[in-house]
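The same protein chain appears twice below, in two forms, each given on its own as C-alpha coordinates and labelled structure 1 and structure 2.
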Structure 1
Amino acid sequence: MARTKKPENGTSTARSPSPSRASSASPSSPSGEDKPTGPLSIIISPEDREAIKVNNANATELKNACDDAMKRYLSRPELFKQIYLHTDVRLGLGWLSVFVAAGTAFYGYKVEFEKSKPVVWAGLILYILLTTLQTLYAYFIEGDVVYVGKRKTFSRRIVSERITLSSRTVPVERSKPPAYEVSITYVRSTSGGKSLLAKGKTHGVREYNSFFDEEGTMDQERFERWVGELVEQAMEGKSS
(Lines of atoms letter the chains of each structure in order from A and count residues from 1; the text may use other names and numbers.)
(Lines give C-alpha, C1' and ligand atoms only; values in the text may rest on other atoms or scores of the structure.)
Protein backbone atom coordinates (compact mmCIF):
# COMPACT_ATOMS: atom_id res chain seq x y z
CA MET A 1 0.00 0.00 0.00
CA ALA A 2 1.58 3.21 -1.10
CA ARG A 3 2.02 5.86 1.48
CA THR A 4 -0.04 8.85 0.46
CA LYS A 5 1.71 12.17 0.76
CA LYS A 6 -1.33 14.29 0.10
CA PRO A 7 -3.47 14.33 3.25
CA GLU A 8 -7.24 13.98 2.98
CA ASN A 9 -9.15 17.22 3.05
CA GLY A 10 -11.48 18.10 5.84
CA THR A 11 -9.96 15.85 8.45
CA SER A 12 -8.09 17.63 11.13
CA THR A 13 -6.25 14.83 12.78
CA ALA A 14 -3.57 17.17 14.02
CA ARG A 15 -4.79 17.66 17.54
CA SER A 16 -6.17 14.21 18.28
CA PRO A 17 -3.59 12.12 20.08
CA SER A 18 -3.77 8.78 18.26
CA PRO A 19 -1.26 6.45 19.86
CA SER A 20 -1.27 3.71 17.27
CA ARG A 21 0.01 4.73 13.91
CA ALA A 22 -1.33 1.70 12.14
CA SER A 23 -4.92 2.80 12.75
CA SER A 24 -6.78 4.45 9.90
CA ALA A 25 -7.08 7.70 11.84
CA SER A 26 -3.85 9.05 10.33
CA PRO A 27 -4.13 9.22 6.58
CA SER A 28 -0.63 7.99 5.84
CA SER A 29 -0.34 4.73 7.72
CA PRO A 30 3.01 3.12 7.13
CA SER A 31 2.92 -0.16 5.36
CA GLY A 32 4.00 -3.09 7.47
CA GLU A 33 7.46 -1.78 8.28
CA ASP A 34 7.53 0.71 11.13
CA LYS A 35 8.35 3.98 9.46
CA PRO A 36 7.61 6.85 11.81
CA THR A 37 5.20 9.54 10.72
CA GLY A 38 6.68 12.40 8.80
CA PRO A 39 5.63 15.99 9.27
CA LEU A 40 3.68 16.15 6.02
CA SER A 41 1.11 13.69 7.24
CA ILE A 42 -0.06 15.76 10.13
CA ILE A 43 -2.27 18.60 9.05
CA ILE A 44 -2.88 21.88 10.75
CA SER A 45 -6.43 23.12 10.49
CA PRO A 46 -6.61 26.68 9.14
CA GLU A 47 -8.29 28.04 12.26
CA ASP A 48 -5.29 27.08 14.36
CA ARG A 49 -3.04 29.28 12.33
CA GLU A 50 -1.93 32.78 13.22
CA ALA A 51 -0.97 35.06 10.38
CA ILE A 52 2.69 35.98 10.18
CA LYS A 53 3.67 39.32 8.78
CA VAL A 54 7.24 40.63 8.62
CA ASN A 55 9.20 43.43 7.07
CA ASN A 56 10.23 41.83 3.81
CA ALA A 57 13.10 44.24 3.23
CA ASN A 58 14.94 42.91 6.24
CA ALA A 59 16.67 39.61 5.53
CA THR A 60 17.18 38.91 9.22
CA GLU A 61 13.47 39.13 9.91
CA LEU A 62 12.73 36.87 6.95
CA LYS A 63 15.19 34.25 8.17
CA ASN A 64 13.86 34.43 11.73
CA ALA A 65 10.29 34.04 10.52
CA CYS A 66 11.28 30.97 8.50
CA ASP A 67 13.26 29.53 11.42
CA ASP A 68 10.38 30.04 13.82
CA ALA A 69 7.90 28.54 11.39
CA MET A 70 10.15 25.52 10.96
CA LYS A 71 10.50 25.04 14.70
CA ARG A 72 6.76 25.26 15.22
CA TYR A 73 6.11 22.92 12.32
CA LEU A 74 8.38 20.19 13.64
CA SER A 75 7.43 20.51 17.29
CA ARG A 76 3.76 19.67 16.85
CA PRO A 77 2.39 16.75 18.84
CA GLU A 78 3.31 13.35 17.35
CA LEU A 79 6.39 14.93 15.82
CA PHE A 80 9.70 15.85 17.28
CA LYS A 81 10.52 17.23 20.66
CA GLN A 82 13.03 20.05 20.62
CA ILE A 83 16.31 19.62 22.46
CA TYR A 84 17.18 22.92 24.04
CA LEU A 85 20.85 22.32 24.73
CA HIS A 86 22.22 25.19 22.62
CA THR A 87 19.56 27.57 23.91
CA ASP A 88 20.22 26.63 27.51
CA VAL A 89 23.97 27.06 27.19
CA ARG A 90 23.48 30.48 25.67
CA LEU A 91 20.96 31.44 28.34
CA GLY A 92 23.16 30.15 31.14
CA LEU A 93 26.38 31.83 30.02
CA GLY A 94 24.54 34.98 29.03
CA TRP A 95 22.67 35.47 32.27
CA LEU A 96 25.74 34.61 34.29
CA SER A 97 27.72 37.31 32.51
CA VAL A 98 24.91 39.81 33.10
CA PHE A 99 24.93 39.08 36.82
CA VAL A 100 28.72 39.33 36.97
CA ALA A 101 28.53 42.71 35.23
CA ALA A 102 25.77 43.97 37.49
CA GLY A 103 27.54 42.77 40.62
CA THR A 104 30.85 44.33 39.59
CA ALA A 105 29.23 47.64 38.71
CA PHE A 106 27.30 47.72 41.96
CA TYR A 107 30.42 46.91 43.97
CA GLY A 108 32.33 49.67 42.18
CA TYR A 109 29.52 52.07 42.98
CA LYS A 110 29.38 51.20 46.66
CA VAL A 111 33.09 50.95 47.43
CA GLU A 112 35.55 53.80 46.97
CA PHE A 113 37.57 53.68 43.75
CA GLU A 114 41.04 52.77 44.93
CA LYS A 115 39.82 50.03 47.26
CA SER A 116 37.45 48.59 44.70
CA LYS A 117 40.08 48.08 42.03
CA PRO A 118 41.05 44.42 42.63
CA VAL A 119 37.45 43.23 42.73
CA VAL A 120 36.48 45.27 39.70
CA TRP A 121 39.46 43.84 37.81
CA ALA A 122 38.37 40.32 38.76
CA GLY A 123 34.79 40.99 37.71
CA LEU A 124 35.84 42.53 34.41
CA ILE A 125 38.12 39.60 33.55
CA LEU A 126 35.40 37.10 34.48
CA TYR A 127 32.94 38.97 32.29
CA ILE A 128 35.33 38.97 29.32
CA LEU A 129 35.94 35.25 29.85
CA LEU A 130 32.23 34.43 29.86
CA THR A 131 31.57 36.55 26.80
CA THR A 132 34.44 34.90 24.94
CA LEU A 133 33.12 31.45 25.87
CA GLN A 134 29.68 32.40 24.59
CA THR A 135 31.08 33.62 21.29
CA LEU A 136 33.26 30.56 20.80
CA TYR A 137 30.38 28.21 21.60
CA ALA A 138 28.03 30.00 19.23
CA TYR A 139 30.58 30.05 16.42
CA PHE A 140 32.12 26.61 16.66
CA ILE A 141 29.59 24.34 18.32
CA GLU A 142 26.23 25.90 17.58
CA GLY A 143 27.07 27.31 14.13
CA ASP A 144 24.07 27.57 11.85
CA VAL A 145 21.95 25.09 13.79
CA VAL A 146 18.41 26.26 14.28
CA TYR A 147 16.60 23.18 15.56
CA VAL A 148 17.60 19.91 17.20
CA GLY A 149 14.82 17.46 17.86
CA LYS A 150 14.35 13.88 18.92
CA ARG A 151 11.56 11.40 19.01
CA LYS A 152 11.02 8.00 20.50
CA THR A 153 8.43 5.71 19.01
CA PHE A 154 7.42 2.35 20.40
CA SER A 155 6.21 -0.20 17.91
CA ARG A 156 7.94 -3.53 17.92
CA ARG A 157 11.04 -1.98 19.43
CA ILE A 158 12.05 1.43 20.70
CA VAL A 159 13.02 3.57 17.74
CA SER A 160 14.89 6.79 18.49
CA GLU A 161 15.22 9.53 15.94
CA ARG A 162 17.30 12.64 15.98
CA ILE A 163 17.00 15.49 13.54
CA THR A 164 19.12 18.61 13.18
CA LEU A 165 18.25 21.57 11.01
CA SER A 166 20.59 24.38 10.08
CA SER A 167 19.70 27.36 8.01
CA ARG A 168 21.27 30.43 6.54
CA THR A 169 20.41 33.25 4.22
CA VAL A 170 21.99 33.12 0.78
CA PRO A 171 22.72 36.78 0.18
CA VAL A 172 21.71 38.74 -2.89
CA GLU A 173 23.88 38.08 -5.90
CA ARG A 174 23.43 40.45 -8.82
CA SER A 175 19.84 39.86 -9.86
CA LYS A 176 19.16 36.84 -7.69
CA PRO A 177 16.99 37.71 -4.71
CA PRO A 178 17.95 36.50 -1.23
CA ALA A 179 17.21 32.86 -0.55
CA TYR A 180 16.75 30.57 2.40
CA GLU A 181 18.98 27.54 2.57
CA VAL A 182 18.19 24.74 4.97
CA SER A 183 20.21 21.59 5.68
CA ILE A 184 18.72 18.62 7.45
CA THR A 185 20.56 15.77 9.12
CA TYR A 186 18.54 12.79 10.26
CA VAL A 187 19.41 9.63 12.13
CA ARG A 188 17.13 6.79 13.13
CA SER A 189 18.42 4.08 15.40
CA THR A 190 17.30 1.50 17.88
CA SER A 191 18.58 -0.50 20.85
CA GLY A 192 19.87 2.59 22.57
CA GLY A 193 21.59 3.97 19.48
CA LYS A 194 23.55 0.83 18.72
CA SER A 195 21.89 -0.30 15.53
CA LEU A 196 21.39 2.26 12.82
CA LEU A 197 18.15 2.07 10.89
CA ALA A 198 18.31 5.09 8.64
CA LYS A 199 20.46 8.10 8.05
CA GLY A 200 19.74 10.97 5.73
CA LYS A 201 21.08 14.38 4.85
CA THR A 202 19.21 16.76 2.64
CA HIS A 203 19.34 20.40 1.85
CA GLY A 204 17.28 22.83 -0.13
CA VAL A 205 17.42 26.42 -1.26
CA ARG A 206 14.38 28.48 -2.03
CA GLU A 207 14.08 32.20 -2.62
CA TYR A 208 12.34 34.20 0.08
CA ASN A 209 9.94 35.70 -2.38
CA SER A 210 8.32 32.31 -2.91
CA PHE A 211 7.14 32.35 0.71
CA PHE A 212 6.53 36.04 1.35
CA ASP A 213 4.35 38.35 -0.69
CA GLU A 214 4.80 42.09 -1.26
CA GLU A 215 3.26 42.94 2.07
CA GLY A 216 5.43 40.48 3.92
CA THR A 217 2.71 37.98 4.77
CA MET A 218 4.12 34.50 4.98
CA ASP A 219 2.60 31.66 3.02
CA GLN A 220 3.00 29.18 5.82
CA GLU A 221 1.43 26.22 4.07
CA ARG A 222 3.78 26.51 1.14
CA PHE A 223 6.81 26.83 3.39
CA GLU A 224 5.74 23.91 5.53
CA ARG A 225 5.11 21.73 2.51
CA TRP A 226 8.63 22.45 1.23
CA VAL A 227 10.25 21.78 4.59
CA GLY A 228 8.09 18.71 5.16
CA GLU A 229 9.19 17.22 1.85
CA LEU A 230 12.84 17.80 2.67
CA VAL A 231 12.40 16.27 6.11
CA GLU A 232 10.61 13.22 4.77
CA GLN A 233 13.31 12.74 2.17
CA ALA A 234 15.88 12.78 4.93
CA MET A 235 13.78 10.34 6.94
CA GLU A 236 13.81 7.90 4.07
CA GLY A 237 17.54 7.89 4.20
CA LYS A 238 18.23 9.87 1.06
CA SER A 239 21.34 11.97 0.90
CA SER A 240 21.61 15.02 -1.30
Structure 2
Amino acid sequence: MARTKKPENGTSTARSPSPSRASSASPSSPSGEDKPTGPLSIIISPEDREAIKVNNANATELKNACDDAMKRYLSRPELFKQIYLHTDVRLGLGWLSVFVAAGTAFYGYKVEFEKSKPVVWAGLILYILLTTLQTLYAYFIEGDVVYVGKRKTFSRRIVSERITLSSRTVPVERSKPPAYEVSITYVRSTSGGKSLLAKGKTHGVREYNSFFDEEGTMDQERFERWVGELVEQAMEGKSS
Protein backbone atom coordinates (compact mmCIF):
# COMPACT_ATOMS: atom_id res chain seq x y z
CA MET A 1 0.00 0.00 0.00
CA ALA A 2 1.43 3.33 -1.12
CA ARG A 3 1.96 6.04 1.52
CA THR A 4 1.18 9.70 1.08
CA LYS A 5 4.21 11.92 0.86
CA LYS A 6 4.20 14.72 3.41
CA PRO A 7 5.77 18.06 2.70
CA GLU A 8 9.25 18.52 4.05
CA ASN A 9 8.31 21.52 6.26
CA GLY A 10 5.60 19.51 8.00
CA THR A 11 2.74 21.77 6.95
CA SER A 12 -0.23 20.56 4.99
CA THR A 13 -1.09 22.21 1.69
CA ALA A 14 -4.76 23.22 1.21
CA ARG A 15 -6.22 22.26 -2.12
CA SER A 16 -7.99 24.98 -4.09
CA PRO A 17 -11.60 24.16 -4.87
CA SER A 18 -12.51 23.13 -8.35
CA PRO A 19 -13.97 25.79 -10.67
CA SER A 20 -17.40 24.17 -10.45
CA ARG A 21 -17.42 24.27 -6.67
CA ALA A 22 -16.07 27.82 -6.58
CA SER A 23 -18.81 29.06 -8.84
CA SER A 24 -21.51 27.32 -6.82
CA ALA A 25 -20.20 28.78 -3.58
CA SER A 26 -19.96 32.35 -4.86
CA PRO A 27 -22.79 34.73 -3.95
CA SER A 28 -25.49 35.35 -6.53
CA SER A 29 -25.12 38.39 -8.73
CA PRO A 30 -27.09 41.47 -7.65
CA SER A 31 -30.56 41.65 -9.08
CA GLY A 32 -31.61 44.40 -11.46
CA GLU A 33 -33.88 47.32 -10.71
CA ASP A 34 -36.91 46.22 -8.70
CA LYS A 35 -40.06 46.19 -10.77
CA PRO A 36 -42.57 48.75 -9.47
CA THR A 37 -46.01 47.64 -8.32
CA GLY A 38 -48.49 47.63 -11.18
CA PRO A 39 -52.27 48.09 -11.04
CA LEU A 40 -53.02 44.47 -11.96
CA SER A 41 -51.28 43.23 -8.81
CA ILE A 42 -53.77 45.11 -6.61
CA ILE A 43 -56.73 42.94 -5.61
CA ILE A 44 -59.96 44.87 -5.07
CA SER A 45 -62.88 43.16 -3.39
CA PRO A 46 -66.41 43.82 -4.74
CA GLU A 47 -67.34 45.32 -1.37
CA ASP A 48 -64.86 48.15 -1.96
CA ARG A 49 -66.68 49.28 -5.09
CA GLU A 50 -69.81 51.40 -5.18
CA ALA A 51 -72.27 50.69 -7.96
CA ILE A 52 -72.05 53.14 -10.88
CA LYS A 53 -75.13 53.71 -12.99
CA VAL A 54 -75.50 56.34 -15.72
CA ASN A 55 -77.71 57.27 -18.63
CA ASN A 56 -76.53 55.22 -21.61
CA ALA A 57 -77.81 57.86 -24.04
CA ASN A 58 -75.60 60.58 -22.55
CA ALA A 59 -72.00 60.37 -23.80
CA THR A 60 -70.86 63.00 -21.28
CA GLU A 61 -72.11 60.91 -18.36
CA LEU A 62 -70.43 57.82 -19.78
CA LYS A 63 -67.09 59.60 -20.12
CA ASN A 64 -67.28 61.19 -16.67
CA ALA A 65 -68.07 57.82 -15.11
CA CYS A 66 -65.03 56.24 -16.81
CA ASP A 67 -62.79 59.16 -15.83
CA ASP A 68 -63.87 58.95 -12.17
CA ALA A 69 -63.46 55.17 -12.06
CA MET A 70 -59.97 55.47 -13.54
CA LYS A 71 -58.95 58.11 -10.98
CA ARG A 72 -60.18 56.01 -8.06
CA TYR A 73 -58.44 52.92 -9.39
CA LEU A 74 -55.02 54.53 -9.87
CA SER A 75 -55.14 56.68 -6.71
CA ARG A 76 -55.09 53.73 -4.33
CA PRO A 77 -52.43 53.89 -1.59
CA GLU A 78 -50.36 51.15 -3.25
CA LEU A 79 -50.26 52.99 -6.58
CA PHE A 80 -50.08 56.71 -7.30
CA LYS A 81 -50.86 59.99 -5.57
CA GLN A 82 -52.97 62.28 -7.72
CA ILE A 83 -51.55 65.70 -8.58
CA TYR A 84 -54.15 68.48 -8.85
CA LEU A 85 -51.97 71.13 -10.52
CA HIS A 86 -54.26 71.75 -13.51
CA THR A 87 -57.36 71.91 -11.34
CA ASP A 88 -55.67 74.27 -8.87
CA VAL A 89 -54.54 76.64 -11.64
CA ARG A 90 -58.00 76.79 -13.22
CA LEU A 91 -59.72 77.28 -9.86
CA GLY A 92 -57.19 79.94 -8.86
CA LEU A 93 -57.76 81.93 -12.05
CA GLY A 94 -61.52 81.46 -11.74
CA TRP A 95 -61.73 82.63 -8.13
CA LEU A 96 -59.40 85.55 -8.84
CA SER A 97 -61.63 86.74 -11.67
CA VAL A 98 -64.68 86.47 -9.39
CA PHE A 99 -62.99 88.58 -6.70
CA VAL A 100 -61.97 91.19 -9.29
CA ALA A 101 -65.52 91.38 -10.64
CA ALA A 102 -67.04 91.62 -7.17
CA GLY A 103 -64.52 94.27 -6.03
CA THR A 104 -65.06 96.32 -9.17
CA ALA A 105 -68.83 96.18 -8.81
CA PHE A 106 -68.64 97.17 -5.14
CA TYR A 107 -66.31 100.09 -5.91
CA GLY A 108 -68.57 101.30 -8.71
CA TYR A 109 -71.56 101.14 -6.38
CA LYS A 110 -69.87 103.14 -3.60
CA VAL A 111 -68.13 105.79 -5.72
CA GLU A 112 -69.68 108.23 -8.16
CA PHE A 113 -69.84 107.08 -11.75
CA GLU A 114 -67.40 109.60 -13.24
CA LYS A 115 -64.82 109.10 -10.48
CA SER A 116 -65.08 105.32 -10.56
CA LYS A 117 -64.72 104.93 -14.34
CA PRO A 118 -60.90 104.43 -14.42
CA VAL A 119 -61.03 101.77 -11.70
CA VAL A 120 -64.07 100.07 -13.24
CA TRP A 121 -62.36 99.97 -16.65
CA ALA A 122 -59.21 98.52 -15.10
CA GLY A 123 -61.27 95.91 -13.24
CA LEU A 124 -63.15 95.00 -16.41
CA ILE A 125 -59.93 94.58 -18.42
CA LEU A 126 -58.34 92.50 -15.64
CA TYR A 127 -61.46 90.29 -15.44
CA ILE A 128 -61.41 89.68 -19.21
CA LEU A 129 -57.68 88.92 -19.06
CA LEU A 130 -58.06 86.39 -16.23
CA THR A 131 -61.00 84.68 -17.93
CA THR A 132 -59.06 84.46 -21.19
CA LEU A 133 -56.03 83.00 -19.41
CA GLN A 134 -58.23 80.38 -17.76
CA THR A 135 -59.72 79.37 -21.12
CA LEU A 136 -56.34 79.25 -22.87
CA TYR A 137 -54.81 77.21 -20.05
CA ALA A 138 -57.65 74.68 -20.14
CA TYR A 139 -57.45 74.35 -23.92
CA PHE A 140 -53.72 74.41 -24.69
CA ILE A 141 -52.03 73.17 -21.50
CA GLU A 142 -54.50 70.93 -19.69
CA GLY A 143 -56.23 69.71 -22.83
CA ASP A 144 -57.73 66.23 -22.42
CA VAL A 145 -55.64 65.39 -19.33
CA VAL A 146 -57.85 63.87 -16.64
CA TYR A 147 -55.27 62.35 -14.30
CA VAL A 148 -51.69 63.04 -13.26
CA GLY A 149 -50.11 60.80 -10.64
CA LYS A 150 -46.72 60.53 -8.93
CA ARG A 151 -45.03 57.93 -6.79
CA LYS A 152 -41.66 57.60 -5.06
CA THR A 153 -40.11 54.29 -4.05
CA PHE A 154 -36.94 53.62 -2.06
CA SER A 155 -34.87 50.61 -3.15
CA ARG A 156 -31.11 51.25 -3.00
CA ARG A 157 -31.97 54.69 -4.42
CA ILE A 158 -34.95 57.03 -4.74
CA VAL A 159 -37.02 56.21 -7.82
CA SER A 160 -39.68 58.65 -9.03
CA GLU A 161 -42.59 57.73 -11.27
CA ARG A 162 -45.00 60.01 -13.07
CA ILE A 163 -48.06 58.96 -15.04
CA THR A 164 -50.39 61.11 -17.14
CA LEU A 165 -53.70 59.97 -18.61
CA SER A 166 -55.76 61.77 -21.23
CA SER A 167 -59.21 60.72 -22.39
CA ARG A 168 -61.88 61.68 -24.87
CA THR A 169 -65.03 60.33 -26.44
CA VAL A 170 -64.81 58.98 -29.97
CA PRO A 171 -68.16 60.02 -31.51
CA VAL A 172 -70.57 57.72 -33.29
CA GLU A 173 -69.34 56.72 -36.73
CA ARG A 174 -71.79 54.96 -39.05
CA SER A 175 -72.75 51.77 -37.24
CA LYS A 176 -70.09 52.11 -34.52
CA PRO A 177 -71.29 53.29 -31.09
CA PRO A 178 -69.38 55.97 -29.14
CA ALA A 179 -66.10 54.80 -27.61
CA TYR A 180 -63.78 55.75 -24.75
CA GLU A 181 -60.25 56.61 -25.85
CA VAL A 182 -57.40 56.87 -23.35
CA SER A 183 -53.72 57.78 -23.80
CA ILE A 184 -51.14 57.02 -21.10
CA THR A 185 -47.65 58.47 -20.68
CA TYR A 186 -45.31 57.01 -18.05
CA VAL A 187 -41.83 58.06 -16.94
CA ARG A 188 -39.64 56.41 -14.28
CA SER A 189 -36.42 58.13 -13.28
CA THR A 190 -33.90 58.56 -10.49
CA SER A 191 -31.38 61.18 -9.33
CA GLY A 192 -34.02 63.88 -9.42
CA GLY A 193 -35.06 63.07 -12.98
CA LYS A 194 -31.51 63.12 -14.37
CA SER A 195 -31.32 59.36 -14.96
CA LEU A 196 -34.14 57.84 -17.03
CA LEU A 197 -35.03 54.26 -16.12
CA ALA A 198 -38.13 53.67 -18.23
CA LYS A 199 -40.47 55.57 -20.50
CA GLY A 200 -43.61 54.33 -22.21
CA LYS A 201 -46.67 55.59 -24.01
CA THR A 202 -49.76 53.48 -24.68
CA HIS A 203 -53.12 54.11 -26.23
CA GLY A 204 -56.41 52.23 -26.18
CA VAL A 205 -60.00 52.57 -27.42
CA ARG A 206 -63.02 50.62 -26.23
CA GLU A 207 -66.69 51.15 -26.96
CA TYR A 208 -68.74 52.28 -24.00
CA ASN A 209 -71.04 49.30 -24.30
CA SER A 210 -68.02 47.13 -23.40
CA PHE A 211 -68.25 48.49 -19.84
CA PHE A 212 -71.93 49.43 -19.45
CA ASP A 213 -74.94 47.14 -19.71
CA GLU A 214 -78.35 48.04 -21.13
CA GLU A 215 -79.41 49.63 -17.84
CA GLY A 216 -76.31 51.79 -17.63
CA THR A 217 -74.57 49.84 -14.84
CA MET A 218 -70.81 49.85 -15.15
CA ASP A 219 -68.69 46.70 -15.04
CA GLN A 220 -65.90 48.28 -12.99
CA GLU A 221 -63.78 45.14 -12.76
CA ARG A 222 -63.62 44.80 -16.52
CA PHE A 223 -62.86 48.49 -16.97
CA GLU A 224 -60.10 48.42 -14.34
CA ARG A 225 -58.51 45.37 -15.91
CA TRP A 226 -58.40 47.12 -19.30
CA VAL A 227 -56.89 50.30 -17.83
CA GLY A 228 -54.46 48.26 -15.72
CA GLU A 229 -53.16 46.41 -18.77
CA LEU A 230 -52.51 49.68 -20.61
CA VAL A 231 -50.76 51.18 -17.58
CA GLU A 232 -48.52 48.16 -17.06
CA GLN A 233 -47.57 48.15 -20.75
CA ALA A 234 -46.46 51.76 -20.36
CA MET A 235 -44.58 50.90 -17.16
CA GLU A 236 -42.66 48.24 -19.06
CA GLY A 237 -41.50 50.87 -21.53
CA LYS A 238 -43.77 49.77 -24.35
CA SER A 239 -45.38 52.11 -26.86
CA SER A 240 -48.59 51.47 -28.72
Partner chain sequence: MFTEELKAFRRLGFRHVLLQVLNFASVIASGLMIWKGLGLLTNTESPIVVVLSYWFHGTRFYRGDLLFLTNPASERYHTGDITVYKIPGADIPIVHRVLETHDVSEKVKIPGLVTKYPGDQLLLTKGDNNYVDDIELYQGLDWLERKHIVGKNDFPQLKYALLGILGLLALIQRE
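Computed from a predicted model, the values in this text were never measured in an experiment. All residue numbers here follow the sequence of structure 1, with the first residue given the number 1. We call the rigid core the largest set of C-alpha positions that still match within 1.5 Å between the two forms.
Participant: Of these two copies of the chain, point out the form predicted together with its partner chain.
Facilitator: Pick structure 1 here.
Participant: I'd like to know if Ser116 and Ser166 move within one rigid part between the two structures.
Facilitator: Note: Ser116 and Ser166 assigned to two distinct rigid parts.
Participant: Measure from C-alpha superpositions the angle of the smaller rigid part's turn against the larger one between the two structures and state it in degrees.
Facilitator: In whole degrees, the smaller rigid segment turns 10.
Participant: What is the magnitude, in angstrom, of the C-alpha shift at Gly103 between the two structures when the rigid core serves as the superposition reference?
Facilitator: Here the C-alpha difference is 3.4 Å.
Participant: Taking the rigid core as fixed, quantify in angstrom how much the C-alpha of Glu112 shifts between the two structures.
Facilitator: Comparing the two forms, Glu112 shifts 5.8 Å at C-alpha.
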